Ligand SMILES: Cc1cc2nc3c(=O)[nH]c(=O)nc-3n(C[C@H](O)[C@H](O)[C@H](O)COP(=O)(O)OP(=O)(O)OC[C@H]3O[C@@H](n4cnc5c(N)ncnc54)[C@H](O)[C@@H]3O)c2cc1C
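Only one chain is included here, represented as structure tokens and corresponding to the form predicted on its own.
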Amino acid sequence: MKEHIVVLGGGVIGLATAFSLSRRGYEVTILEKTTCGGQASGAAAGMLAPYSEISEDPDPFFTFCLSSLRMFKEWQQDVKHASGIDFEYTESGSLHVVYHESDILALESRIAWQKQFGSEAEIVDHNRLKALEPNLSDDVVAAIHSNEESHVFAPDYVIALKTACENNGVNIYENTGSITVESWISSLVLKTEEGASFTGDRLVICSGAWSNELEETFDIRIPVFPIRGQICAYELGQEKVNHILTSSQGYLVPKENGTLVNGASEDIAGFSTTVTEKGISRLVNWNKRMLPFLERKTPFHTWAGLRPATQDGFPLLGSLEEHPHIIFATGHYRNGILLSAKTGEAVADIVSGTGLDPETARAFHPERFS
């Protein structure tokens, strides 16, 4: 009889986990309180850009992100094949720009440690930048050019993941409302608001920003908190943008549908996903310094999603020490899309008995705050 895994949460991490488990022959059920991908996942810009996102040092989180990036080319093909749905996956490369000569030294330091991990990035000066990105502002003095970074169209990716899960026999229950873990030590029983009951052999917590609600249940600290990320998008029209563009202020990501995604303005607002004038103004006020043509444009779409941030910035990933049938895979902050491939396979490895490498297991241990 196949082992039955219950995945609590149907965001991109929950879907990726269910997909990986189903490919290895496990019976899988997803329980989602609203709709799959309805929070941080579907609202993401879809960046696969660990070099741009992580600038300080090569900690375990960076190496985990880089591993996921390098899995993604094959992973996205597997998702497309299993779902029968195509979605945008663009190996655009990226440019991380600076505006002052004094910042070039920081770029050199950043490239130095990134090259230790196989990066072929280089610093490009102003004259060469114009050939790569003609619409870039004359204020930009230099940039790190990385060919390896990519992006997906997040809404379609989430739809494809969900369909791939369904095609693999995963049972998906949406709009369940609040889910209570009735018992979990000797037997696993979960109940929905309407009283529907679900049992299984193992539970994987992929609840994102709502994971903190389970602290009392499992008697451990789960410091995962919602951070509202506000994003806007422009119609590009005749203008052309070739790369992911990042700076200390945020990012701009061109999509195949002719739009440009601009993010992200972050604030603490509980579980509110309301878009605010102040939040979008933060984006509009800096983006024209990178792409001057945006001065003439107005965002045609604005939205917000909740990012599950942890106290130390690392996700919770792994089994409880005394109860290994309870597995956490949550707290991926703004890297859920990027980390979906690696996390899904990591959870499947844990269930299969392979486990995580020691460094990752220590850094991401779900009981490290208790």
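Since the model is a prediction, treat every value here as computed from it, not as a measurement. Residues carry their position along the shown sequence, with the first being 1.
Separately, the form predicted together with this ligand exists; it is not shown, and the next lines address it.
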{"property": "Among 286-294, 137-145, 172-180, 233-241, the region lying within 4.5 Å of this ligand in the predicted complex by heavy atom distance", "result": "172-180"}
{"property": "Listed residue that, although this ligand is not shown, lies within 4.5 Å of it in the predicted complex (heavy atoms), from 51, 328, 333, 64", "result": "333"}
{"property": "Distance check, residue 33 to this ligand in the predicted complex, heavy atom within 4.5 Å", "result": "yes"}
{"property": "This ligand contact in the predicted complex: residue 5, any heavy atom under 4.5 Å", "result": "no"}
{"property": "4.5 Å heavy atom contact, residue 204 to this ligand in the predicted complex", "result": "no"}
{"property": "This ligand contact in the predicted complex: residue 210, any heavy atom under 4.5 Å", "result": "yes"}
{"property": "Within 4.5 Å of this ligand in the predicted complex: residues from 296-333 (heavy atom criterion)", "result": "305, 306, 307, 308, 332, 333"}
